[in-house]
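Encoded as structure tokens, the following chain is the form predicted alone, with no partner shown.
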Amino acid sequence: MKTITLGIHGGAGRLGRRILALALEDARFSLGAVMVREGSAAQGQDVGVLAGAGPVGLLTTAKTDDLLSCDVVIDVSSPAAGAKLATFLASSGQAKLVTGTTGWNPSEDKVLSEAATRLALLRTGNFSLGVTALVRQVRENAARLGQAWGVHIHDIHHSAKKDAPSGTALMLARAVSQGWAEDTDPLCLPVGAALPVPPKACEIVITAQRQGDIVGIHDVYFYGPGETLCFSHQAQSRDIFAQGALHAAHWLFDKPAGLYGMDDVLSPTGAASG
């Protein structure tokens, strides 16, 4: 496979910088453009310096058009900016899009779905391959155990994380609903609130903590009659998300238009999830 020309949208953020740093060391990719917010202190900076390395001769940009030179764009910006980018790329017929942005509202969800009819678009709430495997396990076990069990999902992240519950927690709740074959909306308690009682049958409750510099911890508890089953994932390094994003971009490069997820990346068939 040829070297993939990569674009990064949201390159000045914490995750964007790590994706950038790892991409500079990855022979599968060459950097085509790194986009930052207009007026950002990172605008016009050498991308190597932005990544904490030496200069590489490519400067960051605030112009969306510069991403058209790329084969695949990784978006780690904001929902509003990500939705605008998806529409732009879909209309241009150029780069494919991987987005790990979370906190989408219903109108932005619709924009992504519409863009995916013309664009190969991979969307996820978590780039971790381990979390991807966790989501599948949760879905499969929800199907096996059935709706007689209640589910509690608890997510813990660093204090600077803006969205709560996390995109990963919502992914896990959706996996439970898929396993139950029932459209069940989770009950999301306020940040810091404790679980008062175990969830009842066919109930999903999400709790969240925001503290310190914790990368990410997600626990999923299934409460059944007289027993509890727990699945857990802990992220020790933010690099797992950057590595997963690059893995997803490499996988998406030769895929047709459609909406994909990280589960597709690990699937033997690699079929679009719809």
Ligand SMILES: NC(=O)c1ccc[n+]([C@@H]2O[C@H](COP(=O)([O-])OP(=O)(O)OC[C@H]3O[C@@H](n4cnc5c(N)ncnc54)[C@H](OP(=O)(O)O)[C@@H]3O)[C@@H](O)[C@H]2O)c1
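Every value quoted in this text rests on a predicted model; they were computed, and no experiment measured them. All residue numbers are counted from 1 along the displayed sequence.
Below, we turn to the form predicted together with the named molecule, even though it does not appear here.
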Just to be sure I understand the contacts: of 76, 169, 135, 86, which is the one whose heavy atoms reach within 4.5 angstroms of the named molecule in the predicted complex? 76
The named molecule isn't shown here, but in the predicted complex which of 144, 200, 162, 110 has a heavy atom within 4.5 Å of it? 162
Could you tell me which of 200-208, 123-131, 136-144, 185-193 sits within 4.5 Å of the named molecule in the predicted complex, going by non-hydrogen atoms? 123-131
So, residue 222 and the named molecule: in the predicted complex, are they within 4.5 Å at any heavy atom pair? no
Could you tell me if residue 40 has a non-hydrogen atom within 4.5 Å of the named molecule in the predicted complex? yes
Contact of residue 23 with the named molecule in the predicted complex (heavy atom, 4.5 Å): no
Residue 47 versus the named molecule, in the predicted complex: is there a non-hydrogen atom within 4.5 Å? no
Members of 3-18 lying within 4.5 angstroms of the named molecule, judged by heavy atom, in the predicted complex: 9, 10, 12, 13, 14, 15, 16
